[in-house]
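Below you will find one chain, with nothing else, as structure tokens; this is the form predicted alone, and questions on how it binds or moves follow later.
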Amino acid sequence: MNNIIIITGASSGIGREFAYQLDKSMKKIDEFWLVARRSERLDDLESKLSHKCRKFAMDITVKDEVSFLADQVKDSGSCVRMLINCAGFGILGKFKDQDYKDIQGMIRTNCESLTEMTYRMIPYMKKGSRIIQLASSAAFVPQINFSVYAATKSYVLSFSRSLREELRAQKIYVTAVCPGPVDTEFFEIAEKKGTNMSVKDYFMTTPMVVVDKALRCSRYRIPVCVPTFGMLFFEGVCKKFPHSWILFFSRFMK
């Protein structure tokens, strides 16, 4: 049986870092299946990995392309040992001022596509397989000027936690990863409308830190991974205080 790891959003940032770190540690994996829209980035990533790779330059919001990927898993007789859903994006700004195409894109990419990818791949998993879903610390509380993105990540966190319980009997383990700001291309897109999140600079971390902690949490079957102390503190605040209070004070943060 062909043992594979599938990584969406593999062309940059956290997804790319997952490929680098897993390439060093997962010696019993036969192939990495790398999924992203930018084929040239996938070519570059493949050249830096020791594992055999299959590249899928595709848009995971297109259902036919996700169906094609699932058919490839089935036809190759592969077992998905890890599914890592990293594809996603966010746009900062007031909801009423955003382009509705961006709003739809966030919902489709962050929620619908992640859900469909997970649904399609579970049949090809077996005992001990793992799923890592990229949520966000934005999932802990509603976010002013980031309302749709935060809502989509709340969905990912909730979905991941319940799915974990549903798959418990099959011994397939799900971990939701909830980082804060990460030094990737994310904010180049998120702040494209001119809305900035300056507070992010106080909590910025690197893809290396996030992925290292995420893989350790997944290995030890921890349901929710919060990679940094700053975001652990934020999570505690969100649990302790009413969200209405947090939203009130967030009005004064720039």
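Quick note: we count residues from 1 along the sequence shown, nothing fancier. From a predicted model like this one, the values you see are computed outputs, not experimental measurements.
Keep in mind that the form predicted in complex with a small molecule is missing from the display, and what follows is about it.
Asker: In the predicted complex, does each of 13, 37 and 59 have a heavy atom within 4.5 Å of the small molecule?
Answerer: Answer is yes for this spot.
Asker: Using a 4.5 Å heavy atom cut-off, which stretch among 75 to 83, 118 to 126, 160 to 168, 175 to 183 contacts the small molecule in the predicted complex?
Answerer: Of the options given, it is 175 to 183.
Asker: Please check if residue 140 has a heavy atom lying within 4.5 Å of any heavy atom of the small molecule in the predicted complex.
Answerer: Contact with the small molecule, no.
Asker: If we define contact as a non-hydrogen atom of the residue within 4.5 angstroms of the partner, is residue 145 a contact of the small molecule in the predicted complex?
Answerer: Judged by the heavy-atom cut-off of 4.5 Å, residue 145 is well away from the small molecule in the predicted complex.
Asker: Looking in the predicted complex, any heavy atom of residue 33 within 4.5 Å of the small molecule?
Answerer: No, residue 33 stays farther than 4.5 Å from the small molecule in the predicted complex.
Asker: Does residue 132 reach the small molecule in the predicted complex if we count a contact as any heavy atom within 4.5 Å?
Answerer: Contact with the small molecule, no.
Asker: Sort through 208, 222, 49, 189 and report the residue having a heavy atom within 4.5 Å of the small molecule in the predicted complex.
Answerer: Selected option: 189.
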